[in-house]
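Before any questions on how it binds or moves, here is one chain, the form predicted on its own, in structure tokens.
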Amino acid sequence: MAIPTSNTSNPLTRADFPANFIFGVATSSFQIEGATFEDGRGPSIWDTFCAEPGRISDGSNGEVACDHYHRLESDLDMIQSLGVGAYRFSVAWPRIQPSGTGEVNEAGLAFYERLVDGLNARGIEPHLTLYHWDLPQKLQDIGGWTSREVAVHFAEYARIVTARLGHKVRSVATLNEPWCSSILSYQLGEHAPGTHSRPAALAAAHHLLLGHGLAMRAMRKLATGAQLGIVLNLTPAYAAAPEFEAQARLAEGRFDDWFLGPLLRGEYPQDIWEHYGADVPQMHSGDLGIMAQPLDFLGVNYYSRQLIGADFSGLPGAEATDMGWEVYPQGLSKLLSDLKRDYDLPPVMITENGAAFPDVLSADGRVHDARRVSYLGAHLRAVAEAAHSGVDVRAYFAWSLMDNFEWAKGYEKRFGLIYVDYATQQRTLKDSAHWYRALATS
């Protein structure tokens, strides 16, 4: 299958990327594992959220998901069949500490050790994320991330997992997308716990970054050799016309710089701090210093841009994914270049990038997802361009390995390179999986 590129006379190959560049795939625990009541796992905020009528668009939950917990070995073989060099996964905190504190659940740690050992045995680098949103419900009962106490508990959880697995994995990311687990969850109410308070959301964001810093300190002391970092979803804002420039700056500041500033500069952006007024979080002396721990890498999740002052659907050639997000690959190369210009940037990994489309299993037994192939090809070209412009970008993880539970959208949206029939749990490699394997092994 030909690899699409903006320059058809120059097909995209591994040679377009830096030496030792890593091609991988990514998932998260709650979205694929299932087995929510097995082997000592405690309830998470997403179990609670799914049980509340109207929260999930198709009324579903994560109790089975992709049944990955029971299909671990065959799923690892499936990853190996893609020819990728790395797999990014997350650990479910409620499997390790069912109440979020105290006693460690050995069965939970053993599951992830089998996962990591299985990856290493197959020559696939494990990249571990400690927190991809499934907070133990017991910690939500004391306020969740609005409570400073939870940041301290998170650091202990990070220590437990890294002490067991840190010497076996290539990298450990503390948090996945803290914007989502604060603003989207505590202010906009779209994700668990589903509340609507800006002060609570900003407090949650602050404590997430504090927990990150405390966890980094705890993990550094273990000296396991794993690279340590964090993953942010970054969505640059573009003004549709000059009169919207100030609004675009504000939008990007709230979405991106509110998290980048404390992590990479040890300060919140002053203009956004003033914009939030009385809603800003309460800080203790030394908080910003704790947040700004040196990073071995920054994970960047990119899906689209924000267009301020217009609807992108009216633009010539506009295309949207099944999530309603604009396909805008040039935003990724510009984002990476801007990060290099504006910050003292550590090495970067594109830890998520992908698209949902309404895939169907055809009569020929295949899934012909040409639009996803085009999307991935264009965004990988953008990554290659950023690397050639001097950005130290070292890896790309396609989101996602397989169709899965897409949070508040349930099972209605399919992001996977691999099609999952949820009734039978049969996996089918889509055309995009074959395309990605051809690139990764070219």
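Remember, predicted model here, so these are calculated numbers, not experimental data. The first residue of the shown sequence is 1; numbering continues from there.
Form predicted together with beta-D-fucopyranose (FCB): not shown, discussed below.
- Among 399, 49, 375, 69, the residue placing a heavy atom within 4.5 Å of beta-D-fucopyranose (FCB) in the model of the complex is 399.
- The partner is absent here, but in the model of the complex a heavy atom of 133, alone among 328, 133, 157, 258, sits within 4.5 Å of beta-D-fucopyranose (FCB).
- In summary, the region of this chain contacting beta-D-fucopyranose (FCB) in the model of the complex, judged by heavy atoms within 4.5 Å and restricted to 275-283, 175-183, 201-209, 119-127, corresponds to 175-183.
- A residue is said to contact a partner when one of its heavy atoms sits within 4.5 Å of a partner heavy atom; residue 301 meets this definition for beta-D-fucopyranose (FCB) in the model of the complex.
- In the model of the complex, no heavy atom of residue 385 sits within 4.5 Å of beta-D-fucopyranose (FCB).
- Using a 4.5 angstroms threshold between heavy atoms, residue 352 counts as touching beta-D-fucopyranose (FCB) in the model of the complex.
- Not displayed here, beta-D-fucopyranose (FCB) is approached by residue 415 to within 4.5 Å at the level of heavy atoms in the model of the complex.
- Residues from 381-407 that approach beta-D-fucopyranose (FCB) in the model of the complex with a non-hydrogen atom closer than or equal to 4.5 Å are 399, 406, 407, in the order they occur in the chain.
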